[in-house]
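There is one chain below, alone, in structure tokens, taken in the form predicted alone.
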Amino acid sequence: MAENIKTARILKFDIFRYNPAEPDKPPYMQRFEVEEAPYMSLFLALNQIREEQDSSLQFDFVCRSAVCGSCGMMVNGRPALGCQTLTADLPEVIALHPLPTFALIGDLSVDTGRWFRSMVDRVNGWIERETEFDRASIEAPMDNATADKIYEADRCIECGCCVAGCAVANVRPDFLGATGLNRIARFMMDPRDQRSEQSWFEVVSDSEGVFGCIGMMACDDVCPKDLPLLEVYSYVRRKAVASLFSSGEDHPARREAEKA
């Protein structure tokens, strides 16, 4: 009996093309065909296209193992990492676009670094202490449960998928998004940070922070690292509401919370 041999699929990639350095040439979609190989990822397919068909194709990659976050892109309308997405899980026709909300460099390449640097500066995304650092002191102890929570938040690779999938971030460029709130939560939980709750809530308790989220939670659905973003959002919101109502002040964020 003849063996059944599975014929490799011919994948059709419809890829967004636009070079901001050539503004007179409008954006367009270009089709490339690639023979599917076992365990082929989008990263491997795109490299094959660039090496064999069009060396001008722009897309980003560094680690190829879902750690650096560089290869985020829209895959059939959904944010995903190119290195983590297998073609076997996709149909034969695959549409690739750059992540929205970020400045376009060219084709599938976007500048996430500028957005994330701005976000970190806005939330002061680092440990702040009122006391001067003592180089001779021993490492501050931390219980395992707290350390685990901080580690979970620190797994964010800043790929931008949650931002690209967020309806609010797509229309309001100042919205911190899930990754901004995640970074805030990480330092709110850190016992080494000596900031007061009030200083945190001046950052997060407005329509550009935790009260700007409309609750669709697409961020939680598309996160390639499966971060518990719903829990992060709930944690920051609970802390914000508790602080606002305990203060008794007529703060704009309090009125936002009362309406929510």
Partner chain sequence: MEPFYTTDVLVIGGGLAGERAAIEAAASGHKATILSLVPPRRSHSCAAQGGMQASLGNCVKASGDNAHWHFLDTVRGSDWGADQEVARMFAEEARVAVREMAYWGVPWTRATPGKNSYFIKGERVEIDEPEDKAGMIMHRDFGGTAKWRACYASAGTGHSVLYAVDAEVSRLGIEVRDRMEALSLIYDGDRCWGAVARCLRTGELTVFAAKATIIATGGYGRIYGKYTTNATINEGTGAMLALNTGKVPLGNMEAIQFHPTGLWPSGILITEGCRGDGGYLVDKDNHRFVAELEPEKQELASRDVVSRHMMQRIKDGKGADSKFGPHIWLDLRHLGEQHLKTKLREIWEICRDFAGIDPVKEMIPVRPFQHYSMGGVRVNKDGQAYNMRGLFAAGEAACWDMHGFNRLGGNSLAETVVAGRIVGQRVAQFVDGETLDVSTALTDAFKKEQEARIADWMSRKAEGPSVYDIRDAMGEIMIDKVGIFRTASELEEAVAGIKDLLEQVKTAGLHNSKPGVNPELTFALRLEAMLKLALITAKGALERQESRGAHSRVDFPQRDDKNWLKRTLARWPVGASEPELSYEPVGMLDLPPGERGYGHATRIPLEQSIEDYNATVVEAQKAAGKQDTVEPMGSQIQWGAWEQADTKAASS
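Positions refer to the first chain, counted from 1. Throughout, rigid core stands for the largest set of C-alpha atoms superposing within 1.5 Å between the two forms. What you see is a predicted model; the values in this text were computed from it and never measured.
Just so you know, the form predicted together with its partner chain exists too; it's not on screen, but the next bit is about it.
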Open item on the list: Considering non-hydrogen atoms and a 4.5 Å limit, does its partner chain approach D174 in the predicted complex?
Closed with: no
TODO: Classify E51 as contacting or not contacting its partner chain in the predicted complex by the rule of any non-hydrogen atom within 4.5 angstroms, answering yes or no.
DONE: yes
Open item on the list: Under a 4.5 Å heavy atom criterion, is S55 part of the interface with its partner chain in the predicted complex?
Closed with: yes
- [ ] Would you check, heavy atoms only and a 4.5 Å threshold, whether K25 touches its partner chain in the predicted complex?
- [x] yes
Open item on the list: Partner absent here, but in the predicted complex, which of 213-221, 195-203, 56-64, 229-237 has residues with a heavy atom within 4.5 Å of its partner chain?
Closed with: 56-64
Task: Sole residue of V168, M74, M188, C156 within 4.5 Å of its partner chain in the predicted complex, by heavy atom - done: C156
TODO: Select from 96-127 the residues with a non-hydrogen atom within 4.5 Å of its partner chain in the predicted complex and write them out in sequence order.
DONE: I105, S109, V110, D111, T112, G113, R114, F116, R117, V120, D121, G125, W126, I127
Task: Post core alignment: E139 C-alpha displaced by 2 Å or more between this form and the one not shown - done: no
